[in-house]
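This document opens with one chain alone, in structure tokens, the form predicted alone.
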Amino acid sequence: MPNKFKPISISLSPNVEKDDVLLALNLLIRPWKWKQGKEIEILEKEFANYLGVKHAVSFNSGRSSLYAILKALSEVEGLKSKDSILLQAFTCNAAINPALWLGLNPVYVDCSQENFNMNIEDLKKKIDIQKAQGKPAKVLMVQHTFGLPANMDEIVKIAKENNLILIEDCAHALGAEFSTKKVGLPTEALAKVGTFGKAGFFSFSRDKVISCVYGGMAVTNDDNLARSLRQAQGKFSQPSLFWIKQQLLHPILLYYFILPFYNFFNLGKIILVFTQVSHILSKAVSWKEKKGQMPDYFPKALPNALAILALNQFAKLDKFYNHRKKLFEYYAKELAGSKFVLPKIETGYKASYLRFTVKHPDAHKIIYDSWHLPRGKAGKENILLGDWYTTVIAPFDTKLETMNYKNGSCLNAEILSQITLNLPTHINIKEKDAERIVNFLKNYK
């Protein structure tokens, strides 16, 4: 019998299943496995083999992975403070802060309203502006937003023509592929995102394709860059035992205490807030990051305990993918012909289907209503929708001035932040949940 108090959630560690919770409980009483262990190397090897890259180096988050890449580029490619990095707006501050922490200058490129990824024409424009100012950009970071692959044919070409170091932000896109005609092949072949540039990075945070609460991976085929990444991993050291314990407690408390009682007199919400305020659990984004500052738990290496959790999730990658794709197709079928503008998957692409992102002029109202409107005798709607991206740089309370973002510089991104909302596709969304979400959305004309 379904728990009427447990929300249909888009975040709040959505991938967690019972086996993940039992594994976390098992690890909680074995602190000697928390920091060092064989599972770190096993995860790195399995990840490299899956992507078909030479090197995979683990860190405690996607932003630590990006920081390590940028730091390594300063040694291998001469990247230095004040150099410009081109990256897209309509993103999270976690994709920007590592550049700021290293003194780099973020230059924002607008995105396309069609697929939420980098707008090719605006990219060319921003490159020309940087050149005209005598400060040509050194790095181009491309984001595969919501797991929809960016146009890598065009982006790789532009990067080569302008001598830009290409980095792929694959935080949403583990398993996504892009169709490209590779050298020497007579026909088009699918290649996994993260393999097109000098380096790529992935996130294993609480609401990504796979999750170990916090975690990330930097990948490259460049031996010199890999050597610097490995050195950075050693210098960063492991997070504290206290921090590791916070992450192990996260799936346990969410599964047994927070989600089941989320709307039982708001008990679950109270527990969540209390555990975060009292630092029993960590937050996904700290207040420091919202101001462009670096918390003391970044950058760090990936601890063994979280590598074990990640391996357990990695083994379920195909299961998760098939489930997300099925839900994606269900939403597309049921919402066809409605007032919602549906996401478009280009022919030859393979998306990760991390979320089903739709556009509607009343997106913010719909998000609010899903959390607050009553649903007859059953209580509130209790459907927690759409937390990516309601502002041009998320989370919503990020200080844009500290991100060096100027209002009006990326109009498409600013518009999208007002008209998009996300529908969940994760493993804990059942068919009845998806049906209830669709029925709720059909109330909006």
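In this text, residue numbers run from 1 along the sequence as written. Given the structure is predicted, the values throughout are model-derived calculations rather than measurements.
There is another form of this protein, the form predicted together with a small molecule, and it is not shown here; the text below is about that form.
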task = Would you mind picking out the stretch of 263 to 271, 70 to 78, 316 to 324, 197 to 205 that comes within 4.5 angstroms of the small molecule in the model of the complex, counting non-hydrogen atoms?
result = 197 to 205
query = Given that the small molecule is left out here, which of 123, 92, 229, 358 has a heavy atom within 4.5 Å of it in the model of the complex?
reply = 92
task = Only one of 167, 171, 218, 150 comes within 4.5 Å of the small molecule in the model of the complex by heavy atoms, so just point that one out.
result = 171
task = Please run the contact check for residue 143 against the small molecule in the model of the complex: heavy atoms, 4.5 angstroms, yes or no?
result = yes
Contact test in the model of the complex: residue 389 vs the small molecule, heavy atoms, 4.5 Å = yes
request  = Indicate whether the small molecule has at least one heavy atom within 4.5 Å of a heavy atom of residue 398 in the model of the complex.
outcome  = no
task = Indicate whether residue 417 is a 4.5 Å heavy atom neighbour of the small molecule in the model of the complex.
result = no
